[in-house]
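Just the one chain here, laid out as structure tokens, in the form predicted alone.
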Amino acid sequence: MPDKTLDIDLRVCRGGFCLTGLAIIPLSGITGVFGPSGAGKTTLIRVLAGLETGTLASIRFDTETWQNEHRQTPAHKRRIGVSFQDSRLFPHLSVAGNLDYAQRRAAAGIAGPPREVIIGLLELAPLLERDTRGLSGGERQRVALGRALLSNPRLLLLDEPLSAVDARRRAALLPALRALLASYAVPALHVSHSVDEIVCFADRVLGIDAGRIGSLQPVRDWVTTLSGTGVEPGAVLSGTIAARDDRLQLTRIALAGHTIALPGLDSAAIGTVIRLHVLARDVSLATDTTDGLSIRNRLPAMLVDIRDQSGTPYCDIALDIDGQRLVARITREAAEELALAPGQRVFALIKSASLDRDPE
């Protein structure tokens, strides 16, 4: 068990909806909070931030009790940075004024990310003199995130903080933000509906469904267990950028003693460690080194398990690639024709993957 944890045990009921459960969350790295709309994710963030009163909750931050049946520490004394989906900027202040407000209230004598670093990370320099009422949704969210970071928080709570930010900027921002939080040892809880976003950003995942807080899982375990949840299952592979082919516009990635080639990451330096989010439907299987295929990425693997998907023609094949997990979704007919069985050596044919830099 980690030295410092956020311990929660709560029952919160509002207007016919109840959020219940308990969790012990490490106060290190990033915890993704994942679940369908209406599951209770935002309610959890509000309770942790001290914005919900009159709740039956026990919340302990390391050795400090924030809330129990006898007390409730006010929000401003918890030293939490919060960034909500709807931004909640002060309309009477400029962008710079909103940042100044947070900086003036930051705890003194504690090192946090410098203002210029945050402005650069979030590309806020062109916005500083702007009236917040004239900003786009994505611009407002970046300012709100900057304000939360400048408050020098002990804990960062992020509730869909970049949902309105364009996909290109979001893909570049998330790994850079992750690296910044790691540099200053700021733990975070990050609510998202996006599996790709959770994979890119989180170390572990806390599931919430229908008002019930679930188990805490490492992100690499969680992403392989999504079958039957309405979310596509997949896996996370770690690799290193080995080379770039400018003529073919491909990035070559060293992974498990082999090299695969994928489009993307054209600005990442050679040697950068990355995560590949590979959907199960983007993995095919072969029992030999098949030639004459357009799928170029072929990795030798050990078949670990075959899991039928009840009510469908498919099964999920769990694979081991030198200690890393991969999942392939194929038809049961194909599995039977190939006579697949646990312990068998096969080749995983990877058609596509989402690429994200991993600062670990």
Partner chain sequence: MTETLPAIGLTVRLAFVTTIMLFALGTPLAWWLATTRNRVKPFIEAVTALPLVLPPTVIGFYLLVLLNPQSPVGAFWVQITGDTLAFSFSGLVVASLIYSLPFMVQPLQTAFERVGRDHMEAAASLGAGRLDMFVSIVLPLSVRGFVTAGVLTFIHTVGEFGVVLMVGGNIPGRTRTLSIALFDHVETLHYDEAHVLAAGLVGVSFAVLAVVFLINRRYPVHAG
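Positions refer to the first chain, counted from 1. On a predicted model such as this, the values are computed, not experimentally measured, just so you know.
Missing here is the form predicted together with its partner chain; even so, the following discussion is about that form.
Original post:
Is there a heavy atom of residue 86 no more than 4.5 Å from a heavy atom of its partner chain in the predicted bound form?
Top reply: So residue 86 counts as contacting its partner chain.
Original post:
Do residue 75 and its partner chain come within 4.5 Å of each other in the predicted bound form, heavy atoms counted?
Top reply: Flag for residue 75 set to yes.
Original post:
Should residue 51 be classed as touching its partner chain in the predicted bound form when contacts are defined as heavy atoms within 4.5 Å?
Top reply: Taking the distances in the predicted bound form, the answer for residue 51 is yes, it comes within 4.5 Å of its partner chain.
Original post:
Is residue 46 close to its partner chain in the predicted bound form, meaning a heavy atom pair under 4.5 Å apart or at it?
Top reply: Although its partner chain is absent here, residue 46 would touch it in the predicted bound form, with heavy atoms inside 4.5 Å.
Original post:
Heavy atoms within 4.5 Å of its partner chain in the predicted bound form: which of the stretches 248-256, 86-94, 165-173, 274-282 has them?
Top reply: That would be 86-94.
Subject >> The unique member of 102, 181, 262, 195 whose heavy atoms fall within 4.5 Å of its partner chain in the predicted bound form >> reply: So the residue touching its partner chain in the predicted bound form, by this definition, is 102.
Original post:
Can you pick the one in 223, 82, 205, 189 that has a heavy atom within 4.5 Å of its partner chain in the predicted bound form?
Top reply: So the residue touching its partner chain in the predicted bound form, by this definition, is 82.
Original post:
Along 151-175, which positions have a non-hydrogen atom within 4.5 Å of its partner chain in the predicted bound form?
Top reply: Stretch hits: a single one, 151.
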